[in-house]
Ligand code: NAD
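So this first bit is one chain, no partners, the form predicted alone, shown in structure tokens.
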Amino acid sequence: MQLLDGKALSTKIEAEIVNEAKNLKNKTGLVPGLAVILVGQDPASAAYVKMKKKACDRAGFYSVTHEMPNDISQSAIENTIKMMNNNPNIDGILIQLPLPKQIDTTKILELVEPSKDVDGFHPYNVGRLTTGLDGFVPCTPLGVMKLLDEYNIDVKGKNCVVVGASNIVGKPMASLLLNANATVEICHIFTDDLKKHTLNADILFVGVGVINLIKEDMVKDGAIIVDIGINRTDDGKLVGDVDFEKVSKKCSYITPVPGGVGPMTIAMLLSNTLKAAKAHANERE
């Protein structure tokens, strides 16, 4: 069994991004800029935003966080997004999800200028991903593909089972795998007999937020396991969706939690923001 070390790869990618950002600044005078909207006091969301801010600082990016109260109005968020869409110093806009119940999340995500949609959630970018065209891809599944590539794991022709069908992870993960010529199966909360499907996986991707959902009798010998889940146990320990201790004894590769997919998500956010900055710089030439 070999660990898929996302922490080491993300460090390598960040170093490359730092150099590219410096070159962009020297050539054009522009610094990549990321704006984040954080609504409410959710501890997990606040922690994620803090990590993203630190990553921007390390990369030499400009970043700003708009913190808003939980009872914020739809129009107030919309006005902030419109302001950021028109701000030439902002290349990427990130809406930290989930948003409070009174907010129409779909409408908010659709309001983000597609060229600044570094999370890849706008229907324009979703459509481009689905049809195999260049655009912004959600950071977590994009990070997973980079991680597999780093370890020379080719998904072409492989049976890839994705557990979880969210718009943020499961669906874009499946699209990326299809674009890479994998055979893809998507499972979700209504899937009957999950084990029957996971046992067929050459590569298993799991991202639903259920501790120890995947047990050793649910994976075949030599399978590759990508654990995208992140959960906190009662004693405060971070764990994924896979019973790591037991499943790791059967598989050929597995991502640890923490230190697997998580750092790759942050690295891809920086990468997408740099990509947006370069495109905006070209438009101004």
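The model shown is predicted, which means the values in this text are computed figures rather than measured ones. Don't overthink the numbering: it's just position in the shown sequence, from 1.
Quick note: we don't show the form predicted in complex with nicotinamide-adenine-dinucleotide (NAD), though the next part is all about it.
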Contact residue in the model of the complex, chosen from 230, 36, 56, 223 - any heavy atom within 4.5 Å of nicotinamide-adenine-dinucleotide (NAD): 230
Contact assignment for nicotinamide-adenine-dinucleotide (NAD) in the model of the complex, among 194, 83, 153, 76, heavy atom within 4.5 Å: 194
Option from 181 to 189, 125 to 133, 103 to 111, 83 to 91 whose residues, in the model of the complex, bring a heavy atom within 4.5 Å of nicotinamide-adenine-dinucleotide (NAD): 181 to 189
is_contact(residue 163, nicotinamide-adenine-dinucleotide (NAD)) in the model of the complex, heavy atom dist at most 4.5 Å: yes
Contact flag, residue 169 vs nicotinamide-adenine-dinucleotide (NAD) in the model of the complex, heavy atom cut 4.5 Å: yes
Contact test in the model of the complex: residue 272 vs nicotinamide-adenine-dinucleotide (NAD), heavy atoms, 4.5 Å: no
Contact test in the model of the complex: residue 261 vs nicotinamide-adenine-dinucleotide (NAD), heavy atoms, 4.5 Å: yes
Contacts with nicotinamide-adenine-dinucleotide (NAD) in the model of the complex, stretch 202 to 228 (heavy atom within 4.5 Å): 207, 208, 209, 210, 213, 228
